[in-house]
Each structure stands twice: as C-alpha cells, then as structure tokens.
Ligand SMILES: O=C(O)CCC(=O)C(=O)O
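We begin with a single chain expressed as structure tokens, specifically the form predicted alone.
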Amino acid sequence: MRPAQITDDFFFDLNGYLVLQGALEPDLLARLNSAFDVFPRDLPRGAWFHGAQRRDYTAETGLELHHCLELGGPFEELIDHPSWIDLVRHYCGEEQSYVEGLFIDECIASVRASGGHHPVHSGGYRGALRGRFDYRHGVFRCGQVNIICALTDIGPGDGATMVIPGSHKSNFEHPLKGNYGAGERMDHLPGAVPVHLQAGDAVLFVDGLMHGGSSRTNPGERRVTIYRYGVSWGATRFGYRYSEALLNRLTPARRRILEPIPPLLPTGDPTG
C-alpha cells in the first residue's frame, strides 16, 4: 500500500472526507465555466436543458441541473478523472468482490446565488444503506462517495460545503439538529466546519457524512459539479437513464461506469 494511500485511508476513515487540491486542470476548469455561463438561470423547475433537468432540492438550493452528463463535453471528462477515480473505486467500488466496479448515481451542475444554502442532511444515525460507510476485513464498503468540484473560489461567505467530521459513523442523532427550524442551515450547527476550496479543488466524502451548504452571503455565484459514485449494481435515484447518444460516444471505460451491467434482453421464441 502506498504511503499516500495510507494517509488518505486514515483521514477518510476518521473524518469521512478528503480535500483534493488542484484536482482540475486549468483548461478543463475554463471549459466547465464556459458551459455554466450559458445555463438559463430562469429555467423553470422540472424543465429540460439539452438533456439535463432542473431539479433543485429546495427553493433555497439554487439552479441545479441534474443528469448534467447529457450536456457532454467537459462533463464527460469528469466521469473517470484521474484526480479521484482510483479513490472512489477504492472506497465505494466493491473492491475485491464479484461485483467490483462503479456506477454514477447522480451528476449535478449547481449554481447558487447570494442567500442560497442547502440544509443539513445525512449522518450515520439511522442512515440509509445507500450512503452507508463501512470498513471491515481490510476493504471499504461505502454505498456512495461524492465528488464536489469547485469551479469558483469558495471561501468565507461563498456558501461552502459544510461537514460534521466523523458523523458518518455516529450512532446517535445530533442533539441540536432541529433547533434551527425547517430547512435547517448549517452555518451555526455545533460541530459543522466549512470546506473552503480554490477553483479547481474538489472535496471527496462519503454520503453518510452529515453535510450541507452554508449560506452564501457574498455577491456572485457559487459554481460546483456534484458526481455521486456508487456500487456497480446501483440505479439512479430519480430514475434517470443515460441516452444511447451519450453512451455511444463515450470511451469503453467511461461507458462501463455509466452502464456497468449492460441490458440483457431475451432472444428467440418468447413462449419457450
């Protein structure tokens, strides 16, 4: 095992997240921002934009285009980006099992303006198996690992992702969660820390970690991509299916991540 991997494994196990500095090369970062420039900010919720659908989680979340891989171009390059692909395979790819492999459950392009936030959610307490953290017998078995890429600098006041380190293994509900009203903001939740990023950085975390987005108070936009990786036998949370046009233009390696188990249809006489 490489020393860097030992360090990553220790802190991922301990805290539930890792910061990947300089994850995106400048050219890819620029092309992603150019794609974000043309998103229609007034797109109605539920409407489609070139194969991606606006599906904001809450009214305060901001513009969120789900299924953004259908937009093509630089979004496809994130599927197996070398900055994180080996890490997500290691943590949630059912390593050393008969179902080894990955699947991208959700892919989202997110734009958040001043005033927006994302409420706190997840945590180990009564967490769904889909986001569960587990390590035993020398292998990780995480249900889902997320990669959030910062396309803009995200510092104080910019609406940084916030996490409660270690909460992915908690057996107790946060004692003060719920004291801050509906759509609870993480800004002052005890134990929550902001993950500040420079444009091009990424944060990797297990979905079972308590997390959310702090309030953006600065002008301008917080731009991120969110890719959720999971087990090869998973299915998209909202029922999205990747189009044949997208699948056919991908490299074989990328296609295997979006379609790890190709459809197997009956042939011959259906009556037997």
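All values derive from a computational prediction rather than experimental measurement. Numbers follow the displayed sequence, beginning with 1.
The next section is about a form of this same protein that is not shown, the form predicted together with this ligand.
*Asks:* Is there a heavy atom of residue 148 lying 4.5 Å or less from a heavy atom of this ligand in the model of the complex?
*Replies:* Yes, residue 148 is a contact residue.
*Asks:* Closest heavy atom of residue 212 to this ligand in the model of the complex, within 4.5 Å or not?
*Replies:* Yes, residue 212 sits close enough to this ligand in the model of the complex that at least one of its heavy atoms falls within 4.5 Å.
*Asks:* Using a 4.5 Å heavy atom cut-off, state whether residue 121 contacts this ligand in the model of the complex.
*Replies:* Because a heavy atom of residue 121 falls inside 4.5 Å of this ligand in the model of the complex, the answer is yes.
*Asks:* Can residue 228 be called a contact residue for this ligand in the model of the complex at 4.5 Å between heavy atoms?
*Replies:* Yes, contact at 4.5 Å.
*Asks:* Which is the contacting stretch out of 43-51, 239-247, 219-227, 28-36, given heavy atoms within 4.5 Å of this ligand in the model of the complex?
*Replies:* It is 219-227 that comes within 4.5 Å of the partner.
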